[in-house]
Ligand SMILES: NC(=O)c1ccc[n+]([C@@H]2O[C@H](COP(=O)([O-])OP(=O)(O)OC[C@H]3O[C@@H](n4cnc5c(N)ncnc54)[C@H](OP(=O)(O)O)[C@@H]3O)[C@@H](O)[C@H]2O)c1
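Just one chain follows, in the form predicted alone, and it is written as structure tokens.
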């Protein structure tokens, strides 16, 4: 008999950030499931949720929680015409969900040497991977400064905003302040102006040096390490702009200063 490649877990909680559009859910976690901050899991559901069938539809979701925390947390947008996300959004506490036993992905901090400035640039639900990193205390001791830039359309889509604002003022609870990196949170929206922020795309801010102005220091390859996660168009365009500035993805065992992952 072939051993199953997945486990059956239970939804614990569901939180809606934007009703009908953005939500997060937590699940139980198989004791043997391990991952590095920034990796993703494959979630599975049966085509017919009402039947006790094997999972046949699978999608990748980054973990929001730190590897050391109990349970698993995922953040999702509902694509109305999608095959998977509407089914995922219909789940409630006590419902079953299937999770692959193996974690995947290479958007992890071991892509970089320690020290310097860590820039985490994302759009939409690409935020998930960075939340996992920031909830891992070791992240705060690896770099001198950390900047998180979250691009959305409107302020209502700034999920986890209160948590990120708290970290920007006080750091991660339980992390010695003298060992913590200075954390800057920069939310930006394309369809409305946020207080003290320009109404702009992340790529425009890179091109016009707006990120350096908002962070208070340069986005420079000499000491900067950049991660890109989210909308494929943003990732492709930002990668091109950063490459022109001297940032490069690591090759053949050599650590670079640019790491990229399309979130869908």
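All values derive from a computational prediction rather than experimental measurement. Positions refer to the first chain, counted from 1.
FYI, the form predicted in complex with the ligand isn't displayed, but the following is about it.
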item: is_contact(residue 134, the ligand) in the model of the complex, heavy atom dist at most 4.5 Å; value: no
item: Heavy atom of residue 172 within 4.5 Å of the ligand in the model of the complex; value: no
item: Partner contact for residue 190 in the model of the complex: the ligand, 4.5 angstroms, heavy atom; value: yes
item: Partner proximity in the model of the complex: residue 152 to the ligand, non-hydrogen atom cutoff 4.5 Å; value: yes
item: Candidate from 103, 77, 109, 194 lying within 4.5 Å of the ligand in the model of the complex - any heavy atom; value: 77
item: Within 4.5 Å of the ligand in the model of the complex, all of 141, 144 and 245 (non-hydrogen atom); value: no
item: Segment that reaches the ligand in the model of the complex - one of 91-99, 123-131, 159-167, 109-117, heavy atoms within 4.5 Å; value: 123-131
item: Stretch 16-53: residues contacting the ligand in the model of the complex, 4.5 Å heavy atom cut-off; value: 21
